[in-house]
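Take a look at this single chain in structure tokens; it is the form predicted on its own.
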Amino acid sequence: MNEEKREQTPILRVDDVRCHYPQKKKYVRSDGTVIRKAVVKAVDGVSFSIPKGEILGVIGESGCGKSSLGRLLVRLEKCTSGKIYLDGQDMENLYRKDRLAFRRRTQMVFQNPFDTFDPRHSIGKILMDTMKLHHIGANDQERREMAIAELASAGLLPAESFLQRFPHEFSGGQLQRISILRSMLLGPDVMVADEPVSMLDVSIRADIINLLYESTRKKNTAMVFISHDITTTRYISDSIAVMYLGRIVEMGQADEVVTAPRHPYTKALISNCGSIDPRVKKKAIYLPGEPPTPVDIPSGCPFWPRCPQATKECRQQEQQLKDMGGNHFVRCSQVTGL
């Protein structure tokens, strides 16, 4: 993240966003007590901003709220509270005013490419119908030529033959490439990539990551890259946010968060991240137990039941996200001194 980007008006600003899901069934704690009006706090007070053309990586364990956050950013889910601003305008107002225009400005690449295409339609029809819906291209011939050019640029050759084929005739890697191309054809302001390579063979993951990176740089599109893979996230991202139980616990420049983590949870994640360099020796930090359920989040710091540095104050004191300098934010009183 360079100084020039920091001074830009953010294309995406998230302000204290929450996404809570009321449950119909009561929740029984391990000690036998009952929560009758249980609420799943999938996202619980998240704030950040992204300048145009920048990539924010989001990492964390399963169930930490990464995917829920991603769906909020493209309005597939509605915020319980808080605001999301797209180029300075309230996203909810933009969505209500013109949903089609809003969809063109925000796109999402999902984890499973096989679920993102209508199996009844050819790839040519899917791409051309998308462009036609959003008034891209003067006629079908121009849209066809644009589709061929995009397929060829992604290495899908001969592109003309790909237009005639159906989704079931492609591999997962080919379909994910086409999914990315379809989204980028619209020239979105914001792209959310939710575990885009986790279902693909290791041998083709690098190609998909590079396609995402090059496409967003070419179109100057801001991207939120959601992944469990810390190494990949560091490679593609300008900055990284670490989530735990619906909250960001650490956020900063990608290299700094990975090489010099400050929050105990981030340290544990990084210590268990594999390396292709056999000379790198790290002592893994093992966290006891599983993450608490988002239905029954512990008081004070939600991480204290698993934290090796937890004190009595951690169990009682609400943690605040504090800038430790250089736009490196940490939510831990043991680090910040709050």
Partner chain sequence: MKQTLKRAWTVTLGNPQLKIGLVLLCILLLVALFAPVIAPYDPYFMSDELVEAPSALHPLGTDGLGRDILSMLIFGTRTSLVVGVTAAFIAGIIGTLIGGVAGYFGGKVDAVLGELINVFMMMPTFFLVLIVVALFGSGLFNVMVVMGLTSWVSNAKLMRAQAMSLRQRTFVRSAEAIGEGRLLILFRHVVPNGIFPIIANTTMGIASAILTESSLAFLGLGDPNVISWGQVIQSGKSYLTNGWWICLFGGLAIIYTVVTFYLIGDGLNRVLSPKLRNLGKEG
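Numbering follows the first chain given and starts at 1. None of these values were measured; they are calculated from a predicted model.
Keep in mind that the form predicted in complex with its partner chain is not shown, yet the notes after this line are about it.
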property: Which of 248-256, 226-234, 75-83, 205-213 lines the interface with its partner chain in the model of the complex (heavy atom within 4.5 Å); result: 75-83
property: Contact of Asn112 with its partner chain in the model of the complex (heavy atom, 4.5 Å); result: yes
property: Non-hydrogen atom contact Thr116 with its partner chain in the model of the complex at 4.5 angstroms; result: yes
property: Close approach of Ala138 to its partner chain in the model of the complex, 4.5 Å, heavy atom; result: no
property: 4.5 Å heavy atom contact, Arg103 and its partner chain in the model of the complex; result: yes
property: Contact assignment for its partner chain in the model of the complex, among Asp201, Glu160, Asp129, Asp90, heavy atom within 4.5 Å; result: Asp129
property: Contact residue in the model of the complex, from Arg165, His134, Arg217, Arg96 (heavy atom within 4.5 Å of its partner chain); result: His134
property: Triplet Lys66, His263 and Arg315 all within 4.5 Å of its partner chain in the model of the complex via a heavy atom; result: no
property: Partner contacts in the model of the complex for 44-73 (non-hydrogen atom within 4.5 angstroms of its partner chain); result: Arg71
